[in-house]
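One chain comes next, on its own, written out as structure tokens in the form predicted on its own.
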């Protein structure tokens, strides 16, 4: 289990309104992007409720909702508790058909702002220990990309999402990190689809490395510009793919 700033953001207090829904969304997003791994045991109810800043009653309602969605399994008896169940892979092309071009463009505007701000702050605030996870994720992506086997694409997509979440975590902003996790859960698979179509792993890896180098060197303006361009390129091509589905 990796304990880092991104995971700490998952278990930070939720907003004071609609707390059951907020807890469900927080944990569901973390499960969807792989921050909470399949089979991982969640903290005890008392510990999890305290870290999220909610009552145990609220937490139990949220866990019940997650069980109904098939994302959490509760086991009784010795060694029991609540365990993560990773969701099945989604049909990305079908999901893309359901999103209007205007909505894609709006999502792109929002995500560009989040990604750019996170990268700029990461360059300004991060310590070497914050940047190390970025390079570790990139090394893992390169190793996975070198192997052609069933399941590798899904693993690459999860590592891609993890890289962007780690950039946000390096910004030292829990809210930016939580928003990046939410966006990766919402549109990460769609963005990966566009990256694949743009030229596969090599082009994406080059952009990732450039962002990591700018953050490591403390160049906030460059990090922001690179992160924004990375998202905009993906969204522009995603819109092209979406329009192509109408032909």
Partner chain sequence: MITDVGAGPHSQAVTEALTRVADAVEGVFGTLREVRDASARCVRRRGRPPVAADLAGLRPLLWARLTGNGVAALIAGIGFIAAPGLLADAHWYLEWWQEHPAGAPVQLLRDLDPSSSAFYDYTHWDWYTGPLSGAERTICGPYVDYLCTDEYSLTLSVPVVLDGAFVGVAAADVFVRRFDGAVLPALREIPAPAFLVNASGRVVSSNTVRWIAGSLYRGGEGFAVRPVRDLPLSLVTAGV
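Just so we're on the same page, rigid core means the largest C-alpha set that superposes within 1.5 Å between forms. Predicted model only: the values in this text are computed from it and were never measured. Residue numbers count along the first chain shown, from 1.
The form predicted in complex with its partner chain exists for this protein as well; it is not shown, and the discussion that follows is about that form.
Among the residues 75, 125, 97, 105, the one placing a heavy atom within 4.5 Å of its partner chain in the model of the complex is 125. Proximity to its partner chain in the model of the complex, taken as a non-hydrogen atom within 4.5 angstroms, holds for one residue of 114, 86, 159, 92, which is 159. Interface membership of residue 173, defined by any non-hydrogen atom within 4.5 Å of its partner chain in the model of the complex, is confirmed.
Within this chain, residue 136 lines the site of its partner chain in the model of the complex, having a heavy atom no more than 4.5 Å away. Proximity of residue 181 to its partner chain in the model of the complex falls within the 4.5 Å heavy atom cutoff. Heavy atoms of residue 119 never reach within 4.5 Å of its partner chain in the model of the complex, leaving it off the interface. Superposition of the core reveals a Cα shift of less than 2 Å for residue 210 between this form and the one not shown. Core-superposed comparison between this form and the one not shown: the CA of residue 222 stays below a 2 Å shift. Pairwise change in the model of the complex: residue 41 and residue 131 C-alpha atoms lie farther apart than in the shown form, at least 3 Å.
Relative to this form, residue 158 and residue 43 approach one another in the model of the complex, with their C-alpha atoms ending up at least 3 Å closer.
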